[in-house]
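Provided below as structure tokens are two forms of one protein chain, presented individually as structure 1 and structure 2.
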Structure 1
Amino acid sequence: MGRIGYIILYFCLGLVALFQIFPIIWLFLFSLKDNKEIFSGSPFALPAEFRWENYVKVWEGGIGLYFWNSIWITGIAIILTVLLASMATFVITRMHWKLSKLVLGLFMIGLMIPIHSAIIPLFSMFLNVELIDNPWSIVITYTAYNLPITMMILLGFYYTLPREIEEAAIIDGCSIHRMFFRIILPMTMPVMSTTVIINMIYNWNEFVFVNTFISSDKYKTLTVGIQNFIGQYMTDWGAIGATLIISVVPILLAFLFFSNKVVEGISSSAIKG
């Protein structure tokens, strides 16, 4: 292929990259401007003066609380999901029992169903056990709905673990619990970290469960929080921009540091084998 051919190809790829990244850069730019500058100046101009006070204003105006809720709900759900999924994957792939294939199938069906079809009964269930407007309803829902995808990512790794490890451990008189928590679980560290980061992205960004189950402001997470918050600042573009940037920064930072894990997790969660 000639030089010109390559230039055209790079041009196309660069154009796609620009399309993907530019709206986010534009968002960052206007988060540092005031309305006057946004409405009269060029949308592509750098801010005349970097107005970081937009960030201070929205953080103190309530975003801080939503941010904290997102952190702890995301964190606890990740720990529960990865632990329970690891335990289940361990007995499904490593232990011998008749129903293992059937049980695995049940988890994998969970990957296909549209969650919105379950939301009305879930709502009425939580209402009956008084878990509506309680953040724990969110934690257990996230855990349940992320178990299938987490197990799917874990499966491949568990299948490739050598049998000799278990045999040696048992011959040495090691109990199954000890073997799982002290030997197997540490060995799956690389794939576990992938599932942690995938779960983090899912939980941090989740909207519909929080929007449905939580009504008090004090329990809302960032996604639903910013949605309401933006209502208050409807006309202040700088404040809206700052709010959105704050909400996406944790995920972008995680991507910056662990981009290979994210890529690995997303590809293995979509296509098996």
Structure 2
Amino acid sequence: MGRIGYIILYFCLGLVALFQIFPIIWLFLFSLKDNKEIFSGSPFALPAEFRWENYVKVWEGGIGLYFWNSIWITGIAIILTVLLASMATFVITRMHWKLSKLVLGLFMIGLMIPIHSAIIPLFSMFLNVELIDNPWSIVITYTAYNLPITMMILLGFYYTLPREIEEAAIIDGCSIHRMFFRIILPMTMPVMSTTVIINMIYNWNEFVFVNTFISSDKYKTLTVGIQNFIGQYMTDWGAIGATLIISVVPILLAFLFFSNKVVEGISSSAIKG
């Protein structure tokens, strides 16, 4: 490709990047306005006065608690999902037993079930075991629903791991559990980074399950807590914009620091698969 071709390519990539970044910049400026300026002025105009108090208002209004709830619920669900999916994928791909293909098929059926089609059965089940208005109902739901897609990403990598490593470990007296945690799991870190990001995006942004299973403010996450700034007669749109910016920052930071790992994981999984 000649110099002109590279110029055109980078110009097109720059336009795509601009279209991707513009909504975030617009939302940030939106979060620094009050209702009067939002509805009376141009939507693309800079704020006449940067109202940083919108961020103070939402933080004092309970967003700090919702932010913390989102962090620990998302974190625990990710750890459980990735660990259980890694263990299940290891057993299915690296061990020989008659029902391995059947079990794998049962897990993959989960990809065909609409996510929110089981809200009523789940609500009834959690009600019977007294887990309604309990954050563990959310953790369990996230873990169960993310297992199939996480396993599907891991499968291609696990199928082509060299068996000589396992054979050498067994000859040296290594148990199955130790071999998995000390040898196999560290080898899959690149592809695991991809599954962590995918799980984080879903868990962090999920709304319906939290809104259905959680009623107490002390257990709500950011996506549901935004509703506190929507009133019957008055809605503080600047505060909602500030809340949305706060909720977007962790996802942006995750991509900023782990984007290379994600690309590496996808590439290695595709090549090995």
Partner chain sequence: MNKVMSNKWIIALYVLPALLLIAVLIFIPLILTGYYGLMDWNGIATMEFIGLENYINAIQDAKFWESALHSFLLALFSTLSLLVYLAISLILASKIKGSDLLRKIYLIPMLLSSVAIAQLWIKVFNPSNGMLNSILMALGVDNPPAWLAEPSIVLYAIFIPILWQYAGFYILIYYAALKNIPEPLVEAARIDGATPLQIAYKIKLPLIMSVFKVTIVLAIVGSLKYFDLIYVMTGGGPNGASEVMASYMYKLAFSSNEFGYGSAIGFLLLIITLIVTVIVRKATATKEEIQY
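Throughout, rigid core stands for the largest set of C-alpha atoms superposing within 1.5 Å between the two forms. Residue numbering: structure 1 sequence, from 1. Predicted, not measured: the structure shown is a model, and the values here were computed from it.
- The second of the two standalone chains is derived from the form predicted on its own.
- Relative to the superposed core, K218 undergoes a C-alpha shift smaller than 2 Å between structures 1 and 2.
- Taking the rigid core as fixed, one finds a CA shift for F50 of 2 Å or more between structures 1 and 2.
- Once the cores line up, the CA of L65 ends up less than 2 angstroms apart between structures 1 and 2.
- Relative to the superposed core, G14 has its Cα moved 6.7 Å between structures 1 and 2.
- Superposed on the core, the two forms differ at G41, whose C-alpha moves 3.2 Å between structures 1 and 2.
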